[in-house]
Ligand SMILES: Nc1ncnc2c1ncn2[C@@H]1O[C@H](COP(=O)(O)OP(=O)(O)OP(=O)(O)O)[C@@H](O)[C@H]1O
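Consider the single chain below, provided in structure tokens and representing the form predicted alone.
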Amino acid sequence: MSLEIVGLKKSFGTKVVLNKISFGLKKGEILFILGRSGTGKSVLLKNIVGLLKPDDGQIILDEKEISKLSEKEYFPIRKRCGMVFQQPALFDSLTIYENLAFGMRKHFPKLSEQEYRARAEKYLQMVHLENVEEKLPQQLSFGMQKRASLARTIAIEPEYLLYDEPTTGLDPVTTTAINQLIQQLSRQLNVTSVVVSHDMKCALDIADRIIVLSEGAIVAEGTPSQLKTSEVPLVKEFLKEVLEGGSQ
């Protein structure tokens, strides 16, 4: 099982957002993609799940090129590559259980209602949410909504989890809890995780490997320990922010 990005390019008008980037993912790896706002991090994830189409390059999933697939052909890819959006994106008018069941019904249409309920309970427990099935999203805190959104994504049993800025808008304690959850689920479910973020501290804490993007290009790549000794100006800037944050 592998995911490979080869020479991926994406522009909006005259602005080149991703400029022929290439990297691969190993099974079970937690890969952080770091960069300032507007460097193409989220655009990259949307290309992988087919919400955007690249102008050039390839996205290869298990030796199959997927970027040219039709919307219908992308359906099984989206089951395999679950995306956790920056905002919880839960249906306001549905209970938490119905939010989880919505995706399960699409991808596992032959299960009974009892099986959907059992699965919902199992995956909510995995993200440390209990007794919330009958609540509406607005009855939960923002952090709990984020976890419910994560439960909805893992309930369809993806092989890859793609996180778009998972800790945006969260306080430091909840941010740490979400990061621990990403690490825990990666190991527990044996999934491969791609985390788009601007938070170097989170990346140093849980990533197996880090890629740093700037102006649509990869400017640094390596393990957390390798990046700590990087001479790349943007990486040094990120590291400085971590040190300053820790000394406050």
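Residue indices: 1-based, along the sequence shown. Given the structure is predicted, the values throughout are model-derived calculations rather than measurements.
Although not depicted, the form predicted together with the ligand is the subject of the following passage.
Looking at the ligand in the predicted complex, residues Phe75, Glu98 and Thr153 place no heavy atom within 4.5 Å of it. For the chain shown alone, Thr39 is a contact residue for the ligand in the predicted complex, at least one non-hydrogen atom being within 4.5 angstroms. Mapping the unseen interface onto this chain, Glu165 counts among the residues with a heavy atom inside 4.5 Å of the ligand in the predicted complex.
Residue contact with the ligand in the predicted complex: Lys15 places a heavy atom within 4.5 Å of it.
Taking the partner from elsewhere, Val43 is found to have a heavy atom lying within 4.5 Å of the ligand in the predicted complex. Residues within 4.5 angstroms of the ligand in the predicted complex, judged by any non-hydrogen atom, belong to 29 to 37 and to none of the other stretches in 55 to 63, 29 to 37, 204 to 212, 176 to 184. Residue His198 is the sole member of 198 to 223 found to place a heavy atom within 4.5 Å of the ligand in the predicted complex.
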